[in-house]
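To begin, one chain is listed below as structure tokens, in the form predicted on its own.
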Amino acid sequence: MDYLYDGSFDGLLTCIYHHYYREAATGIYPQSFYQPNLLSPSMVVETDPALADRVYRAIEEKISARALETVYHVYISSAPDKENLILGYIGLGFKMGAKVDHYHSHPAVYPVHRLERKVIGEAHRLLGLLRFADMGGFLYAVMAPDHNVLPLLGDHFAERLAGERWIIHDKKRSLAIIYNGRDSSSCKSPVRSRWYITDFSYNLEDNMPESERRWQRLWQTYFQKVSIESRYNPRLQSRCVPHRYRRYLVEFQIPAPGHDSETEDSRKRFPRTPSIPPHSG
């Protein structure tokens, strides 16, 4: 029996509950992307938070809290078979307990750990690559990551930019983190309760104030000026800042023609960016 769910984490855990207490699943798939198979019947599973909570607690108590984090990290990945990787990992975990994570080469563990490393690695990289623009009343950052890492970024920026109002927009998934700007020094609620993720399809870049555009042009000019041709290392640069992230990095955008003749001349002489951009949040 193929179980189909609504794409939510609770929905996935509900399917896992039915796998153990109703009928073993041949596979778990998001309902919106499922391709019917004549050889395997399917059933849409309605998300039940109570059943999901039972599975949540079972993973935490019978395997480990670390395994629960691993399951969530794999869930927010973009891997097409992530649900079935999680199902196999949990099945082995219920048999082995916390020792499951010691079997690094096991076929039910290795792909899960590898995928988790990719998700965590991308989240860590974006902590340094995100660029915020001052939109007047709030800060705004845009990204299009491979995985849905927004939930892993909220706490960091809620602490680092505690007194600011900001939005981090994932254009690839039309989602955004919204933070209301309350100062953490006067707020006793947990950091995670001060931000939330919501659907977001607005294109705020078109409404960027001219003052912010001027600052961005100055930043681009700075990068052009500090470039050292003899130290240009495109391989190192690509490893530190992959090309897929550069679309939303100000320093990798070509300044608008005519805004600064000196900048234009320097770009013609040396149209390169530094080997490693500065780390900023």
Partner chain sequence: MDILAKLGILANAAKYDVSCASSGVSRKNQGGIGNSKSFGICHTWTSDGRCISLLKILLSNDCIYDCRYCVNRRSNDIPRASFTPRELAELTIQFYRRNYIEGLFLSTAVERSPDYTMEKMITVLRLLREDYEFNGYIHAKVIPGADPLLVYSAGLLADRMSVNIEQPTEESLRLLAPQKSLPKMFASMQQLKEEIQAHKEARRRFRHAPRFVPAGQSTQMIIGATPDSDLTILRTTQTLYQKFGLKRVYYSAYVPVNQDSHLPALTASPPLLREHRLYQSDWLMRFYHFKAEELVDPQHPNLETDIDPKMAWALRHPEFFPVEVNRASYEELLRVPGIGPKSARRIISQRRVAAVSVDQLKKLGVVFKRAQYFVTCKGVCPAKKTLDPAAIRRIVAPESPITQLSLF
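Each form is matched to the other, and the largest set of C-alpha atoms that superpose within 1.5 Å is called the rigid core. Residue numbers count along the first chain shown, from 1. Because the structure is a prediction, the values reported are computed rather than measured.
From this point on, the text means the form predicted in complex with its partner chain, which you will not see here.
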item: Contact stretch among 101 to 109, 143 to 151, 87 to 95, 69 to 77 - heavy atom within 4.5 Å of its partner chain in the model of the complex; value: 101 to 109
item: Trp215: touches its partner chain in the model of the complex, heavy atom cutoff 4.5 angstroms; value: yes
item: Arg131, heavy atom within 4.5 angstroms of its partner chain in the model of the complex; value: yes
item: Non-hydrogen atom contact Val241 with its partner chain in the model of the complex at 4.5 angstroms; value: yes
item: is_contact(Met43, its partner chain) in the model of the complex, heavy atom dist at most 4.5 Å; value: no
item: Ser64, Gln31, Asn233, Gln253 - the one with a heavy atom within 4.5 Å of its partner chain in the model of the complex; value: Asn233
item: Candidate from Leu127, Ile178, Ile120, Leu175 lying within 4.5 Å of its partner chain in the model of the complex - any heavy atom; value: Leu127
item: In the model of the complex, residues of 199 to 229 near its partner chain [heavy atom within 4.5 Å]; value: Glu212, Arg214, Trp215, Gln216, Arg217, Leu218, Trp219, Thr221, Tyr222, Phe223, Lys225, Val226, Ser227, Ile228
item: Exceeds or equals 2 Å, Cα of Trp219 between this form and the one not shown, core fit; value: yes
